[in-house]
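In the form predicted alone, a lone chain appears below as structure tokens.
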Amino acid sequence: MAERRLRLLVAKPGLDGHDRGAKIVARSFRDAGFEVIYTGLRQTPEQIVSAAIQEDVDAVTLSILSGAHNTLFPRVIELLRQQGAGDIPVFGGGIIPEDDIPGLKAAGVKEIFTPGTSTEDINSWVKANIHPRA
């Protein structure tokens, strides 16, 4: 039996009004053979976690440009844990200063992709690090 396709939730937390990058990444995921659920703009962490659980995703990827990454990324991770879904990995990218990346990783973010990262590199990372949940 073939292994099932990875299900990835692509979300835009907070007040960002620009989602071109998230849509490019979502399309790249789809083209790489992943199943993609895109939540759209201006999602709260609560909405993102609810969608992740309802859709039974294998990972959540967050795209942020607003500068609220140090608040919103850890909040999504915290809510996943509170809802008994702490095994869903969270990764993401956007306009995130290099100095903030160690703190985000310490909070549980698996990887951060900054502007200029190729979609091929992101897809390769997903294939190597994200696995179907039991």
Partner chain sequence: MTLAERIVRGELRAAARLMRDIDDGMPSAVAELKALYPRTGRAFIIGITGPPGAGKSTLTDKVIAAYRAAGKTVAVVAIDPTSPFTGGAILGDRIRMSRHATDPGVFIRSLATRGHLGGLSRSTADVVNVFDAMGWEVIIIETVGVGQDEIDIVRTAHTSLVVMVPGLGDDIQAIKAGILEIGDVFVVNKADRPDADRAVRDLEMMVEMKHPGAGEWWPPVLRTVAQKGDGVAELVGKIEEHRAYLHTSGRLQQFEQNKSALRFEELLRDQLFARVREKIEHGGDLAVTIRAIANREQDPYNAVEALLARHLSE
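The model shown is predicted, which means the values in this text are computed figures rather than measured ones. Positions refer to the first chain, counted from 1.
Just so it is clear, the following notes concern the form predicted in complex with its partner chain, a form of the same protein that is not shown.
- Although the partner is absent here, P102 is not a contact residue: none of its heavy atoms lies within 4.5 angstroms of its partner chain in the predicted bound form.
- Interface residue remark: S66 is not counted as part of the site for its partner chain in the predicted bound form, having no heavy atom within 4.5 Å.
- Shown alone here, E35 lies within 4.5 Å of its partner chain in the predicted bound form, counting heavy atoms only.
- Although the partner is absent here, Q82 is not a contact residue: none of its heavy atoms lies within 4.5 angstroms of its partner chain in the predicted bound form.
- Heavy atoms within 4.5 Å of its partner chain in the predicted bound form map, among the stretches 90 to 98, 103 to 111, 46 to 54, 69 to 77, onto 46 to 54 alone.
- In the predicted bound form, P132, R133, A134 are the residues of 95 to 134 with at least one heavy atom within 4.5 Å of its partner chain, listed from first to last.
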